[in-house]
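Take a look at this single chain in structure tokens; it is the form predicted alone.
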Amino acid sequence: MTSRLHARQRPLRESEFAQIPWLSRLLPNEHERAVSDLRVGMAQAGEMICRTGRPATYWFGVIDGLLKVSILTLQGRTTTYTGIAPGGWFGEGTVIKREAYRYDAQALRRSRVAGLPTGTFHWLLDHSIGFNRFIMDQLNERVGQFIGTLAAERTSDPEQRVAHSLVALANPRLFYNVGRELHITQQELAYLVGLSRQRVNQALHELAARKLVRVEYGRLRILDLPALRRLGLEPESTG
């Protein structure tokens, strides 16, 4: 965690157990260790959760809110890899390799973020079959997600790019607490897609006209996920 967020961290509350999807896969002694070491902090809009070049000290997850994961290119352009919606965890590859972060993670709105220390993460890898299966599923889905992202980045079609981002955020294997109803504003979606709010608005109206989504105040409802996936060039699965 960044220093400001670290200063506001607290232990996990019992009411938050169900919002962390992998806890239910642990045996009692593993669960006790994880709950004891997990920390939660409230990140304000615009606040960094992790920064490029900083050592990975936590594996992060979103309890509620929305993050974006991005890099700054040598040309000074920000490229967004993905959004992290409620129930999503990220950075396991960096933690497994004990590397420094190669990306920035930033809160797009006020977000409750959980962190598992890297030492506990590796202890669970060494001791928990259930945890290992969760991480394997995460890595497999992440590969599929980034294949779709590469395809979407090569198109200039706003509808395809918006469709890809919506499908990625509705992935139930990565974001366990989301479903087909996405609590996201058009401006937040624009940050994730890398387009202007006006272009995103136009794309959403086109998708709504095709009955793929329904646009509501402060949220979007996905009506036809298979069709949206085909449009967004999202692979069904890598497994």
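Position 1 is the first residue in the sequence shown; the rest follow in order. None of the values given here were measured: they were computed from a predicted structure.
Unshown form predicted in complex with the DNA; subsequent notes refer to it.
Listed residues Arg210, Arg197, Arg33, Arg180 were compared with the DNA in the predicted complex; Arg197 is the one with a heavy atom within 4.5 Å. Stretch 185-193 is the answer when you ask which of 60-68, 22-30, 170-178, 185-193 has residues with heavy atoms within 4.5 Å of the DNA in the predicted complex.
Looking at Val215, you'd find a heavy atom of it within 4.5 angstroms of the DNA in the predicted complex. Interface membership of His205, defined by any non-hydrogen atom within 4.5 Å of the DNA in the predicted complex, is confirmed.
In the predicted complex, the DNA sits within 4.5 Å of a heavy atom belonging to Asn201.
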